[in-house]
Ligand code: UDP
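Single chain ahead, written as structure tokens, the form predicted alone.
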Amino acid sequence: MRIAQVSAHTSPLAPLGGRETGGMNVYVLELSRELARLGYEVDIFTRRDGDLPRVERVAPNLRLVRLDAGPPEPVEKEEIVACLPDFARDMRRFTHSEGRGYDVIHSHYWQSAWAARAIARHLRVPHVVMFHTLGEVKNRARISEHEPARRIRHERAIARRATAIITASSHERQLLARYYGAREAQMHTIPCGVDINLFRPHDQRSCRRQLGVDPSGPVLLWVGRLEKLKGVDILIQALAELDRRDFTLLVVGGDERAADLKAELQAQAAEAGLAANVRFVGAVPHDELPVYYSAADVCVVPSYYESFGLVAVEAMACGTPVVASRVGGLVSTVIDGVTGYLIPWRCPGPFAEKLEVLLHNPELRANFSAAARRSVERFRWESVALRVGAVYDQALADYRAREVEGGFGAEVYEAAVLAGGLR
């Protein structure tokens, strides 16, 4: 089976921790690697944003294909829509130049799905979608979020017309049904994966020495894209309520486009008297993250929303307890009172309370650590890829068994996308 993975706005090979690079990049790359190991032929399509080869072989059976769509330089995610008609046209050209098509188109994020729908129609193959985040849900999670109505409108159209939708959690599945009208029969809940050979416990003291962190005091960790939805401000407020000041907080993630938010958070830490305690590390390569997780006593995930919560799973794979918001997919990944704590209120007090409990109780941390490592066995990439492969099989069978829905006007949709319409 030949699979086209579509990730229009960000390349899976881009360095992690930037504004547009995070869990989705990891998911697309690692899922594709595992599918390739299982014998699928996989091409990942992304937009060219630099002087890089059009086709790059990533592994046996796996290629990255860069399409010409818009200027060959980084473009803000919000502006990618203008590039999508060119993206769809070039993907179509590339497929014709190869002289062979794909059995399934699997798109990631709404913009990719917007273009991939036209290609799936042209090739007469099923379109499998994974949204990763949802505009309507982000707007409801935090009052100052303002995802555009255009995004939500297209997400609804895509959700109703995709052959199949993969959700990372049962919570996301419920939200797609409630806010987007997705059909139950369309949806398949498969958690994201983690490389448990890469993400495994390391000696804490040696990791702290490697990072230049005081080996004697508590170490807290936050990892992710530096954006307001991730709740770092809540974490800093919580730390200001702790009864000790011998801790270090490592904030891992963020690039130059997050400079303003970083400055705000640094000012907040200084005002709280924590300037010496909070260390902004910036983005680090993905394969170096296990050192940070293993150096920490607790990983904190105070997000307003997470569709899955990959950081929490990576931390637990390294034996690090997690204190996280009780939101989205985190409810399915963190076992409250067993591998960490889930905080039902997005305010600093409850976070501070649970951090105090863990930092003052090394035996409890050790119990959580052992349970955390055991809990991630279910997220092995091989089992995730096998389940996704089963969705491809079912989607292909369903597609062939019935005529693809009209409604939105399939041929009209394809023509409009390729012509640059549907703004």
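Throughout, we count residues from 1 along the sequence that is shown. Quantities reported herein were computed from a predicted structural model and do not represent experimental measurements.
Not on display, but discussed next: the form predicted together with the named molecule.
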{"item": "Which of 306-314, 348-356, 86-94, 234-242 sits within 4.5 Å of the named molecule in the predicted complex, heavy atom basis", "value": "306-314"}
{"item": "A182, L220, A269, V252 - the one with a heavy atom within 4.5 Å of the named molecule in the predicted complex", "value": "V252"}
{"item": "L62, V65, V26, V384 - the one with a heavy atom within 4.5 Å of the named molecule in the predicted complex", "value": "V26"}
{"item": "Partner proximity in the predicted complex: G135 to the named molecule, non-hydrogen atom cutoff 4.5 Å", "value": "no"}
{"item": "Touches the named molecule in the predicted complex: I158 (any heavy atom, 4.5 Å)", "value": "no"}
{"item": "Residue contact check: H108 to the named molecule in the predicted complex, 4.5 Å heavy atom", "value": "no"}
{"item": "P12 within 4.5 Å of the named molecule in the predicted complex, heavy atoms", "value": "no"}
{"item": "Non-hydrogen atom within 4.5 Å of the named molecule in the predicted complex for each of H286, L289 and Y293", "value": "yes"}
{"item": "Any residue of 202-240 that, in the predicted complex, places a heavy atom within 4.5 Å of the named molecule", "value": "V223, G224, R225, K230"}
